[in-house]
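Only one chain is shown below, in structure tokens, and it's the form predicted on its own.
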Amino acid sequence: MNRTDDVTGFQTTGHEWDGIEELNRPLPRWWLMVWYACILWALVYFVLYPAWPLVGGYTKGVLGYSQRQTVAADLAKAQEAQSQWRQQIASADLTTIEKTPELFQFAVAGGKAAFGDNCAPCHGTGAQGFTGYPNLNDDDWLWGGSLDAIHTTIRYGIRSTSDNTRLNDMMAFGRDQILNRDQINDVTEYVLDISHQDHDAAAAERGKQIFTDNCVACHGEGGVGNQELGAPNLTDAIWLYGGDRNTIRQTVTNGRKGVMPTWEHRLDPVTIKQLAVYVHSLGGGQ
């Protein structure tokens, strides 16, 4: 029930919580002024700029401002500033780009940006790689680490949809019943042997012949690998999927078929060149 407060002289609203009554006082003037200013600003913005979504578009505003056009103009300006360098990269071969300091610097900067946008999700922001995705900082390359080899890999991908993709599948020796379980265990011990890990010597000796009959065609004598076929070197300590006994056995049993997409239709030729130079500069380029 409304009443007049004895202390302030204002009427109450009749609301009371735990003995505390609410006074019926007007809103603060400063608060009202800010509120009116916000309303005025919203109306002015609505008239001047794009503001309200419609079924087939949006209100344009009398100024005709467009963030899309602004971005397009900024991109065009940036491309114009870079055009002389991009034209030189387009016409130069990869070796020339790498040996020309100004071109090399521009290519590495552009390649690093393109790598972050397109390659980092699989290879990591530092190109350190993950299980199944090669580390691009070392000198262990599946398909070659020269400038041209890296450029070809980026352009056409690995087991990609490109007609020129790099392609060589490792068979699933166990799943396809090419080798039985004992033979797979023996060849696993042989791989542990040539990669300088603890192994069963007798089983490894039996596995050597199995390796020769089934694996040497791709991995080469002694398992040193073959970059022409994308077959990894099995004698070093660098493993794409893991080098422990269980992982090697799983690899032999089920095979491996990692995929990298072709970037030929996603990136322009200059950007692909920049990526190749950048990856080659990471430290493992051959």
Partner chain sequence: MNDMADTGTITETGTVVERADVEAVNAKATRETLYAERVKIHPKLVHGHWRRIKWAVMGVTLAIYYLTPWIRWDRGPNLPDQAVLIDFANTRFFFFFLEIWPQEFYFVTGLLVLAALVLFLMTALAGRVWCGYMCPQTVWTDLMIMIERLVEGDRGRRIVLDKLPMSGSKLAKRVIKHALWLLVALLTGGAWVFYFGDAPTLMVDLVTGQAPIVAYTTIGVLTATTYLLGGLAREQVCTYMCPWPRIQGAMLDDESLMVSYRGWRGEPRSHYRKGESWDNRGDCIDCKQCVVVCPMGIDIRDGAQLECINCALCIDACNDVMTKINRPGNLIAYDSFQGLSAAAKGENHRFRPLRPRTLIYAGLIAVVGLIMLTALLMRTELDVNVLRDRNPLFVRLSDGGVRNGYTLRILNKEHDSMHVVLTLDGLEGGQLVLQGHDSGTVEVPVDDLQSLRAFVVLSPEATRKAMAAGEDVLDFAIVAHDTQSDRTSRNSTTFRLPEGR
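Numbering follows the first chain given and starts at 1. We call the rigid core whatever largest set of C-alpha positions still superposes within 1.5 Å between the two forms. Computed from a predicted structure; not experimentally measured.
As for the form predicted in complex with its partner chain, it is not shown, yet the points below apply to it.
- The stretch in contact with its partner chain in the predicted complex, judged by heavy atoms within 4.5 Å, is 31 to 39, chosen from 220 to 228, 248 to 256, 61 to 69, 31 to 39.
- Note on the partner interface in the predicted complex: the residue among 84, 164, 209, 128 having a heavy atom within 4.5 angstroms of its partner chain is 128.
- Checking 160, 152, 146, 137 against its partner chain in the predicted complex, a heavy atom within 4.5 Å turns up for just one residue: 137.
- Looking at residue 25, you'd find a heavy atom of it within 4.5 angstroms of its partner chain in the predicted complex.
- Though the partner is left out of this view, residue 13 does not reach within 4.5 Å of its partner chain in the predicted complex, counting heavy atoms only.
- With a 4.5 Å cutoff on heavy atoms, residue 238 counts as touching its partner chain in the predicted complex.
- Residue 266: CA moves less than 2 Å between the shown form and the other one after rigid-core fitting.
- The two forms, fitted on the rigid core, differ between the shown form and the other one by 2 Å or more at the CA of residue 33.
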